[in-house]
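To begin, one chain is listed below as structure tokens, in the form predicted alone.
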């Protein structure tokens, strides 16, 4: 079929509860864009123009429906004092958490225009927006306060302190929320749509009780801030979210990006109030056969487009950095084939 909308128009209809020509197709193509562009990962995550150009190259190669500005979840924590190693061909790795060097009272709210790699993201957003922003949504992934809090701390100690010292954890999350709000404000000014990512709040990492007590308030606070700008907000949580499906309804998010949860169950529980995004297994993109990928994507989309408030065909997590480009093309073409709204 012939497409009659550009990606920005298609996304715009989704968020005003109008049915577009087909479902939006937004696999989480983040650092994989460096592979498509043929550049080193270190260049991608330290050079905003390189990041933007890689994302534009990926859009031209795959013809999906959004640019995704992101590398890894430590970016805010790094700007607050955590130290990371920068491998040439891998993503930054936490080396020294800020709160192993100094006390919580010395944490600062970073300046997104000056501190660490936050300006890299803003430069990437501005470049992409000026190049293709009239036709393609520019999504910018913002680590949620719980995830940033863990990146400010020794991760194991952080999890232990949710039990032993919960008030300390809540204070870390409050400061991380302030930092996320400042970063989100500058993302909006640069032309991006902030997307909230909280992978370390997954049911694969913490219990539903811990999620409700520690992660949920930070998500709610950032989503409330973004709603002031009349944005429909996407929340992405990696891993198994089955145990917290009902709690996700309390976040205030308008769109929920899912990973390891049965899609029909998520549609049943969440679709009356949230638009559904997801949730193809990214391991299959890395190692599956093209025929198998195509068949499974078509089946996923066939169910997904039944979601009451709308659906975006996507991967459950980031497309693997070195996934075969042929497999990603198969994902997108199969989703396009199955995603038309015919009524």
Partner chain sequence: MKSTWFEVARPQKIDLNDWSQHFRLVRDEQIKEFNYYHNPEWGIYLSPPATFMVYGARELKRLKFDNSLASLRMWGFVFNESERLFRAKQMGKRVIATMGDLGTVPVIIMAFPNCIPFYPECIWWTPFFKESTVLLDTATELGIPEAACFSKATLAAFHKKAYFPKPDLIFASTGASCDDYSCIMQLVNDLGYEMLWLEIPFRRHNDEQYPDRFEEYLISEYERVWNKMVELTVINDKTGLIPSIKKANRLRSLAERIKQLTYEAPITPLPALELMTIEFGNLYGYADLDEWLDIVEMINETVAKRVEKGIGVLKQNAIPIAWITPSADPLLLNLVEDCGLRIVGTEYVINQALVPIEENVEPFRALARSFMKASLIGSTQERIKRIIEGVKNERIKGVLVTNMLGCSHCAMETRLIEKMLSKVPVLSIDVPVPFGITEQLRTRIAAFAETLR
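Remember, it's a predicted structure, so these values are computed and weren't measured experimentally. Residue numbers count along the first chain shown, from 1.
What follows is about the form predicted together with the partner chain, which we do not show.
> Which listed residue (106, 135, 101, 114) meets the criterion of a heavy atom within 4.5 Å of the partner chain in the predicted bound form?
Of the candidates 106, 135, 101, 114, 135 is the one lying within 4.5 Å of the partner chain in the predicted bound form.
> Pick from 164, 228, 95, 209: which has a non-hydrogen atom within 4.5 Å of the partner chain in the predicted bound form?
Only one option qualifies, and that one is 228.
> Does residue 86 make contact with the partner chain in the predicted bound form, using a 4.5 Å heavy atom cut-off?
Residue 86: no, not in contact with the partner chain in the predicted bound form.
> Considering non-hydrogen atoms and a 4.5 Å limit, does the partner chain approach residue 182 in the predicted bound form?
Contact with the partner chain, yes.
> Report yes if any heavy atom of residue 126 sits within 4.5 Å of a heavy atom of the partner chain in the predicted bound form; otherwise report no.
Yes, residue 126 lies within 4.5 Å of the partner chain in the predicted bound form.
> Report yes if any heavy atom of residue 1 sits within 4.5 Å of a heavy atom of the partner chain in the predicted bound form; otherwise report no.
Outside the cut-off, so no.
> Counting only non-hydrogen atoms, which stretch in 73-81, 149-157, 231-239, 212-220 is within 4.5 Å of the partner chain in the predicted bound form?
Every other range fails; the passing one is 231-239.
> For the stretch 186-207, I need every residue with any heavy atom inside 4.5 Å of the partner chain in the predicted bound form, listed N to C.
Sequence-ordered list: 188, 189, 190, 191, 192, 193.
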